[in-house]
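Form predicted alone, single chain, as structure tokens, below.
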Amino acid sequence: MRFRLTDEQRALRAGVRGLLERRFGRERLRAAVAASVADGPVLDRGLWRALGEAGFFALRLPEAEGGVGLGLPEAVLAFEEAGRALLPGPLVATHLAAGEVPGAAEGAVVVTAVDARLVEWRDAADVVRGDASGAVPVRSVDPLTPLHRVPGGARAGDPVAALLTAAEQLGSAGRTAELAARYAREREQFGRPVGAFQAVQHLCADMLVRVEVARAAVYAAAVTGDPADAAGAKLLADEAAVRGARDCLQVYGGLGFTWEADVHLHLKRAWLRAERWMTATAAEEALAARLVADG
């Protein structure tokens, strides 16, 4: 099995990264966080339409239906970039609704969905899939992801949703590894870069290992499309994102505990994604069921 990206896939990844840097760069991210702290999170409809025009939501929709006609591996690359940029909004639910909910593919309609007992961006969405009756707002750890808790809940464990969320976690994990390595080269203590100290080197090396292991699992699951592979990928990507952000915070030292460091935002989003679209417990149960079925 080959996991080397084709020229077209590399071009797609570069195109998505360029789009997100132009439309949701660090200044926009910081402005969104500041606005959220002051008045609550607001979904950027202009950005949503720009994503739709670029084909982000219609990536897997057949060309005959107005989509881009690509597959799950290409969608994973796009969502990896979204995770790297900390792009907010119900991206997975709207992507899954393309071709099923009018306007979702074009980014004209924002779609969210009930997942287990949570629904994100309920008040900002045009369409809520699943039964969200009785939903009550809960305090979200992520300033850019408002949440409601739903009594009962449903629609948990969608393997494609889990894989796309794993791809976002992978992008976040890769970004925090980059941030930690760069800071370790720039920040000096006792006249030397902190990256010269073995303890910091081990943190950065462990982050990179977790990213690459998760990347192999996510890309493999995108190729096979197997639900058990998606569950395994979600487990590894959650670990890479959460532990990577924690280790990055350690490399940053005291600065990492402030809002000025982006790792703070990556850690909070990683915690939230770990509870969305297949939790660790659900993923472990899916893998156990497959092992039993295979004998």
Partner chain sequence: MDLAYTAEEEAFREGLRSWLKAALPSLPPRPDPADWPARRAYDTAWQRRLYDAGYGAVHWDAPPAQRLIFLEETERAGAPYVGANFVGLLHAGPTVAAEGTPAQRDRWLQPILRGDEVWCQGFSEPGAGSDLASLRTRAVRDGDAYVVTGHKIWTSHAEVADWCELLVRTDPDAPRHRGITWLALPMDAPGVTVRPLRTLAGTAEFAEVFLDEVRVPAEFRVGAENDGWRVTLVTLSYERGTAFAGEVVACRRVLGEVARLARGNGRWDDTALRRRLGRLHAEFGALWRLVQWNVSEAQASRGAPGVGGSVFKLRYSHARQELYDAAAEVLGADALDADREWVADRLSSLAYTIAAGTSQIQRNIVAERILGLPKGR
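Numbering follows the first chain given and starts at 1. Owing to the predicted nature of the structure, the values given are computational and were not obtained by experimental measurement.
Form predicted in complex with the partner chain: not shown, discussed below.
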Practice problem: Determine whether any heavy atom of Pro227 comes within 4.5 Å of a heavy atom of the partner chain in the predicted complex, and answer yes or no. | Solution: no
Quiz item: Looking in the predicted complex, any heavy atom of Tyr219 within 4.5 Å of the partner chain?
Solution: yes
Exercise. Spell out, yes or no, whether the shortest heavy atom distance between Val223 and the partner chain in the predicted complex is within 4.5 Å.
Key: yes
Self-check item: Contact flag, Leu208 vs the partner chain in the predicted complex, heavy atom cut 4.5 Å
Solution: yes
Quiz item: Of 228-236, 39-47, 261-269, 61-69, which is the one stretch near the partner chain in the predicted complex, taking non-hydrogen atoms within 4.5 angstroms as near?
Solution: 228-236
Exercise. State the residue from Ala108, Ala132, Val101, Val213 whose non-hydrogen atoms include one within 4.5 Å of the partner chain in the predicted complex.
Key: Val213
Self-check item: Residue among Pro73, Pro88, Pro146, Pro159 with a heavy atom within 4.5 Å of the partner chain in the predicted complex
Solution: Pro73
Quiz item: Which of the residues spanning 250-285 lie within 4.5 Å of the partner chain in the predicted complex, based on heavy atoms?
Solution: Ala280, Thr281, Glu284, Glu285
